[in-house]
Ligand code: DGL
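As a starting point, one isolated chain is supplied in structure tokens, in the form predicted on its own.
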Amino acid sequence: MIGIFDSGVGGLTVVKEIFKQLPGYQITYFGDTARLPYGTKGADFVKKYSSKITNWLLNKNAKIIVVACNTSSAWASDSLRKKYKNTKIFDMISFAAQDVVATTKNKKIGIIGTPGTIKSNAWSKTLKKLDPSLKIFSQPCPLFVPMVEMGFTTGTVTEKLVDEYLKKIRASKADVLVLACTHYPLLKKVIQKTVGPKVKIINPAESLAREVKKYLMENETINRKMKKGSANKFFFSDEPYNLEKISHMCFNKKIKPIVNDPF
């Protein structure tokens, strides 16, 4: 089973991409809706609960862990790898950064994410390691997550807010824009309209899902232990707001939430 966690429902966009790459593989998802958003929390808080959730998923018999949260990826992925050395842990930054560098032509990169992700500088540091000549333009967009959670993914209000947040990115002339939050792919149409058709938008979930597939195809011992079938489970630490609408946007169907806060 693949264990996946996020601070809320945004990680369902990652599940969507994993389903595309690995149809039939069983997943267990945990959305920490009781403590969302992680993007405005401190590093110690994020590390603490990322570790608690990882341990919980491993106890549920997860064979690999997907950190489907950019803030947890930024603040906690390194500490998780040190603590759980025998478990393969995938994050939202490492693999997508390579795709970003390969995609840009003018070496100007826009990054939008939660305040926590942007403050960590994890994306900038990773990209600069790959290509020190890159120019990075980062913009926190704290209202995007609650806007998506409330179902406002289209319409005049959404367009105005996206336009306001992305003024700096447009002015930078970046030719690649990274959606450094799992909620943001649900705003992709509005974001693309705002930045224009020439800007390539990178959804890190796509890169991550391809890497998960590659890992399993190359590691037969782990792959044989993975459960197949449709018995996917979606746990949330509190009643998820507007889950039906968001699950339809991701999977074209309603998913049944299991509300359980083990912490």
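Bear in mind that the values here come from a model prediction, so they are computed numbers and not experimental data. Just count from 1 along the sequence shown to find any residue number.
Below, we turn to the form predicted in complex with D-glutamic acid, even though it does not appear here.
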item: Contact test in the predicted complex: residue 36 vs D-glutamic acid, heavy atoms, 4.5 Å; value: yes
item: Interface membership of residue 181, D-glutamic acid in the predicted complex, 4.5 Å heavy atom rule; value: yes
item: is_contact(residue 174, D-glutamic acid) in the predicted complex, heavy atom dist at most 4.5 Å; value: no
item: Residue contact check: residue 122 to D-glutamic acid in the predicted complex, 4.5 Å heavy atom; value: no
item: Region of this chain that lies against D-glutamic acid in the predicted complex, out of 18 to 26, 250 to 258, 235 to 243, 5 to 13 [heavy atom, 4.5 Å]; value: 5 to 13
item: Sole residue of 186, 111, 145, 162 within 4.5 Å of D-glutamic acid in the predicted complex, by heavy atom; value: 145
item: Residues in 46 to 77 with any heavy atom within 4.5 Å of D-glutamic acid in the predicted complex; value: 69, 70, 71
